[in-house]
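The chain below stands alone and is given in structure tokens; this is the form predicted on its own.
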């Protein structure tokens, strides 16, 4: 459970009153924890997974994009929500996406997913299809670059979801002035001031910002 900006009791109540992860997602979360140790924090939370599936079902994208796949939890959730569309995943790690590939097969969604390995600032630059739905959860220092590549390719009315935008609540605390927090504040300001989009930030897990192309 991730309870970075809500109290633990409220976060637990929310989790307990949301559709829970199924055995496959529980297995993937457990394997990720075993294989990656502390890096398992990079995996989205269970309630975020349910949210991603529901949003995907509501948007009904023909083209969905994920930047930052890790071991595949979020991509399984998005792919499960597709109804005839395709998910294009961009990541740099062959090791961790090999886990994702296994779980795409186990989940029966492998035929809906295309994986491109390499730095996404380069590989996404060659992606020419209009995007209906995107999820960004990658290296934070490159968020502005990823954001521009994704928003410029979003169709009108398309939706981008950006993870970790509250940085454990530190973005709202002037006492935190480390480089990573400053970068996230700058990114959040950039998104807020972008005239091409409307924005809402949700206190889900570590902060999830929804960006809709006008």
Ligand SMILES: C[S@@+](CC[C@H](N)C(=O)[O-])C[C@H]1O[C@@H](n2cnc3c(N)ncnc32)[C@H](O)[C@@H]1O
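Numbering follows the first chain given and starts at 1. For clarity, every value in this text was computed on a predicted model and none was experimentally measured.
Just so it is clear, the following notes concern the form predicted in complex with this ligand, a form of the same protein that is not shown.
Undergrad: Heavy atoms within 4.5 Å of this ligand in the predicted complex: which of the stretches 66-74, 175-183, 53-61, 153-161 has them?
TA: Checking each option against the 4.5 Å cut-off leaves 66-74.
Undergrad: Taking heavy atoms and a 4.5 Å cut-off, does residue 114 contact this ligand in the predicted complex?
TA: Close contact is absent here: in the predicted complex, residue 114 is far from this ligand, nothing within 4.5 Å, heavy atoms only.
Undergrad: Is there a heavy atom of residue 149 no more than 4.5 Å from a heavy atom of this ligand in the predicted complex?
TA: Residue 149 lies outside the contact set for this ligand.
Undergrad: Would you check, heavy atoms only and a 4.5 Å threshold, whether residue 188 touches this ligand in the predicted complex?
TA: Judged by the heavy-atom cut-off of 4.5 Å, residue 188 is well away from this ligand in the predicted complex.
Undergrad: Is residue 170 a contact residue for this ligand in the predicted complex, using a 4.5 Å heavy atom cut-off?
TA: The answer is no: residue 170 has no heavy atom within 4.5 Å of this ligand.
Undergrad: Pick from 130, 144, 118, 125: which has a non-hydrogen atom within 4.5 Å of this ligand in the predicted complex?
TA: Contact residue from the list: 118.
Undergrad: Only one of 110, 83, 92, 98 comes within 4.5 Å of this ligand in the predicted complex by heavy atoms, so just point that one out.
TA: None of the other options qualify; the answer is 92.
Undergrad: Could you list which residues of 12-28 come within 4.5 Å of this ligand in the predicted complex, counting heavy atoms only?
TA: Nothing in the stretch sits within 4.5 Å of the partner.
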